[in-house]
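First, one chain by itself in structure tokens, the form predicted on its own.
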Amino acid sequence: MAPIPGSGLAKGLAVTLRTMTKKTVTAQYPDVQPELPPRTRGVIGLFEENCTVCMLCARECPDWCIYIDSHKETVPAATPGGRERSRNVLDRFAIDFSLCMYCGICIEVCPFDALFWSPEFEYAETDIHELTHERDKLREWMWTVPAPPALDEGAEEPKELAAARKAAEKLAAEQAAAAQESAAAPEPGEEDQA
């Protein structure tokens, strides 16, 4: 049996008419912002205070897109008779996002929680050289990093938080006791009047 001439065209037009009557699923991106999951991988933010210039992130990066420069400073002894220490001071921390493949290895290997994922993804540039974000730009991305998810109900409190809370409660109790003692003690001029 031979196909009917023009049947392929009729089938194609039927598909076109069927899809024309359905609602579109395309999101008009610039006008409608997408609803992203809360821990979306966008850009990497730097929490500079936690960075100890250990260079693990730069060494483990498969793309070699992290650039770190530092120098050593001598820190005086904390106690009399102690010895001086040297520490690394961060001079430059930059990530070249034109090379980065967003694998997240740098964030995972950082032992001091200095790197975080930000869900921001709108940072396109007209010049490829502007995609190398220096530490001031990486610090700005930290404002967009979402808070970590809450602990499950019944989960054990982290040891760091428990120790900090106990230390704060102990300090508050000592200050309250000192305030009570100073309030209960008579002033030097009051004893003479009695």
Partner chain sequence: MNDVLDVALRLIVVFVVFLTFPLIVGQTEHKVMAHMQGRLGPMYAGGFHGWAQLVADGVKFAQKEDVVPAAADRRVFQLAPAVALLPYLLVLVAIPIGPGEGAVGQVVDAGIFFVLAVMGVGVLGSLMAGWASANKFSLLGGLRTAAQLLAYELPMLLAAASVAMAAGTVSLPGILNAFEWWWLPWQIVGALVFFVAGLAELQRPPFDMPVADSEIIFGAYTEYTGLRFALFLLAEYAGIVVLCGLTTVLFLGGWHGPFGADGLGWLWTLLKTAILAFLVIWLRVSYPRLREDQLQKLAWTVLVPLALAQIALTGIVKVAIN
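Bear in mind the structure is a predicted one, so any value in this text is a computation, not a measurement. Positions refer to the first chain, counted from 1.
What comes next is about the form predicted in complex with the partner chain, which is not displayed.
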Only hit among A185, A178, M20, L171 for heavy atom within 4.5 Å of the partner chain in the model of the complex is M20
Q33 within 4.5 Å of the partner chain in the model of the complex, heavy atoms:
no
At the 4.5 Å heavy atom threshold, is T126 in contact with the partner chain in the model of the complex?
no
Contact check in the model of the complex: L13, T16 and T26 versus the partner chain, with a cutoff of 4.5 Å between any heavy atoms. Do all three pass?
yes
